[in-house]
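Here's a solo chain for you in structure tokens, the form predicted on its own.
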Amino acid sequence: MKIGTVTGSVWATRKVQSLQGQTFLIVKTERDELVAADCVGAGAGDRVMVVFGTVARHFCDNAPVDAAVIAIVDTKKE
């Protein structure tokens, strides 16, 4: 699990059936920039929590995704 900031979105007009209606966001973490399926309605500038692998597929109704945004972070305690 990682915390990052949404920097934009990805538009795909043609997708496999299991991804129809799915929104994809570009998320920048400390070291990476990645594309994640959005499960919570996040937008540009939001700090978000991203999960990977089987957990990501679980939150996206078993769609073929490797990363999913599962929370919008209100505060981060150090």
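Computed from a predicted model, the values in this text were never measured in an experiment. For every residue, the number given is its place in the sequence shown, counted from 1. Note that the rigid core is defined as the largest set of C-alphas that superpose within 1.5 Å between two forms.
What comes next is about the form predicted in complex with another copy of the chain, which does not appear here.
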Close approach of Gly45 to another copy of the chain in the predicted complex, 4.5 Å, heavy atom: no
In the predicted complex: members of 51-73 within 4.5 Å of another copy of the chain, any heavy atom: Val51, Phe52, Thr54, Val55, Arg57, His58, Phe59, Pro64, Val65, Asp66, Ala67, Ile70, Ala71, Ile72, Val73
Residue shift check between the shown form and the other one, rigid core fit, Val10 Cα at least 2 Å: no
